[in-house]
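The chain below stands alone and is given in C-alpha cells; this is the form predicted on its own.
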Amino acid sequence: MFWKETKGLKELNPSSKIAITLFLLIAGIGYLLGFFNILLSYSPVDQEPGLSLRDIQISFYGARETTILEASIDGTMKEHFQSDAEYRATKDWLAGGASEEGLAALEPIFESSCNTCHSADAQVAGVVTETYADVEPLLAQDTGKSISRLVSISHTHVLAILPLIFLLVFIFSFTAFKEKVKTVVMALAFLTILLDVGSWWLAKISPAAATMVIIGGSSLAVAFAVLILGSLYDMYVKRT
C-alpha cells in the first residue's frame, strides 16, 4: 500500500488514483468556493467595486469615524433596503441624533429591511433591531469585529481547515518529491493556517495590518494549490 512504500503516487492502483484524484479536485473546488464567498461577503463593505484594503480595514478595525449601525447600512446591509428613500431616511435619522422618537417613525423601514434577519428569534450575527433598546448598542463607535466574534470565527476556521490541510499533507507526503522539499512544503502548509488567522487579529489592532490579511489568505491559497497540484503532478505527470 502507498503508506508503506514511498515510490510516489504514480504507482497507485487505478481505484486509489480515482479516489484520491476526486478528493483533491473537490477540495480545490471547495477552496475556490470559499474564496468567492469571502469576495462576495467583504467586497460591498465600502460600496466600491472589488475587494480592497479599505473593505478589510472596515471589517476588522472598523470605520471609527462613524457608528456600528451607520457603517453597516453604508456597507453590506445597504442592499437590503427596499428603496433608496428608505436608506436616506435612516441616514437622516442617524445624522439627526438617532433619537428614540425618530426611530418610531422608521419602524416600517426596520420591519421590512432589518427585522427579518435581526428579530429576537433570528438574531443573525447576534444583532437585534426590533426596539430602540436593541438598536442603541449599535449607535456606539464602529470598532470592527468584536473580540468574541474574532474568537468564534478563528476557532471555526482553524478546526475546519486543519483536518483538510492534514489530509492534503498526508497525501503529498507519499509523493516522489525529495524529502527536503516535502518537509518544507508540509511545514509551511500548516503554518499558513496560523498566518491566515493571525492576520485577522493584527488587522483588528491596526488598520495598517490589512495588507497582512491579504498575505495570509494568499499564502493559504498557495498552500492548497501546491499540495493539490503537486500531488496530481506526481500521480499523472512526474517520471519515476
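The numbering used is simple: start at 1 and walk along the sequence shown. Computed from a predicted model, the values in this text were never measured in an experiment.
The form predicted together with a small molecule is left out here; the points below concern that form.
The candidate spot formed by Leu69, Cys114 and His118 is fully in contact with the small molecule in the predicted bound form: every one of the three has a heavy atom within 4.5 Å. Heavy atoms within 4.5 Å of the small molecule in the predicted bound form are found in one stretch of 97 to 105, 150 to 158, 165 to 173, 75 to 83, which is 75 to 83.
When the small molecule is considered in the predicted bound form, Tyr132 lies well away from it, no heavy atom lying within 4.5 Å. The closest heavy atom approach of Ala125 to the small molecule in the predicted bound form falls within 4.5 Å.
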